[in-house]
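Below you'll find only one chain, the form predicted alone, shown as structure tokens.
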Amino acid sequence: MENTASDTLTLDELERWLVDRVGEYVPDLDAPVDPQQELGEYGLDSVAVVAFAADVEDWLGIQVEPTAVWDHPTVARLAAYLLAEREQQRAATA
């Protein structure tokens, strides 16, 4: 895993990274993480969500509130939100 996301990160790349991360937090899955399935259905507890949000924050280099995981409850929706949020936070600091 790369330590940080590239500057040219695409939505597909972000979705794949998020799928891999969710899989690390829920290692006993019988099938790959479905980007359209709600993350709560995977059994992520609040401790895992906070750690997951911190991983996302470190990798993307932006602030990510753990509540974003619940506000955008699928990998697909979270990826779209995070990519837009990353652009906004970068524009605000440029």
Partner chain sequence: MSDVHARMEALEERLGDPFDAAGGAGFAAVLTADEREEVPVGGASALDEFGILSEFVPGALGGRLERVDHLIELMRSVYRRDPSLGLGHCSSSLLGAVNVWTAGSPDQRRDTAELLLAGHKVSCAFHELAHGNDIGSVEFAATPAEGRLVLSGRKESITNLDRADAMVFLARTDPDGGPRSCSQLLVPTADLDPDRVRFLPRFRSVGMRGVRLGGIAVDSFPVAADALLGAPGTGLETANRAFQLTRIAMPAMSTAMLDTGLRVTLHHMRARRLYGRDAASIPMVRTTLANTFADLLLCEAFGAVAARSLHALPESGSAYAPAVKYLLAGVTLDAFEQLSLVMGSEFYRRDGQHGVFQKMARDIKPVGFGHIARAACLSAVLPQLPVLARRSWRDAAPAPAALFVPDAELPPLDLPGLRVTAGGKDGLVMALNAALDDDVPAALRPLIERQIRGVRALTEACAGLKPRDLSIAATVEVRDLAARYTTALAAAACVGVWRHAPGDDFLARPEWLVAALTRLEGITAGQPVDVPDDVEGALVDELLSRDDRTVSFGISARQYR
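Residue numbers count along the first chain shown, from 1. Since we're looking at a predicted model, the values are computed, not measured.
Another form exists, predicted together with its partner chain; not displayed. Remarks below refer to it.
Undergrad: Spell it out for me: taking its partner chain in the model of the complex, does every residue among 7, 9 and 20 have a heavy atom no farther than 4.5 Å from it?
TA: Zero of three within 4.5 Å in the model of the complex.
Undergrad: With the partner left out of view, is residue 54 within 4.5 angstroms of its partner chain in the model of the complex by any non-hydrogen atom?
TA: Residue 54: yes, in contact with its partner chain in the model of the complex.
Undergrad: Give a yes/no on whether residue 81 approaches its partner chain to within 4.5 Å in the model of the complex, heavy atoms considered.
TA: It does not: once its partner chain is placed as it appears in the model of the complex, residue 81 has no heavy atom within 4.5 Å of it.
Undergrad: Is the gap between residue 66 and its partner chain in the model of the complex 4.5 Å or less for some heavy atom pair?
TA: It does: once its partner chain is placed as it appears in the model of the complex, residue 66 has a heavy atom within 4.5 Å of it.
Undergrad: State yes or no: in the model of the complex, is some non-hydrogen atom of residue 29 no more than 4.5 angstroms from a non-hydrogen atom of its partner chain?
TA: Residue 29: no, not in contact with its partner chain in the model of the complex.
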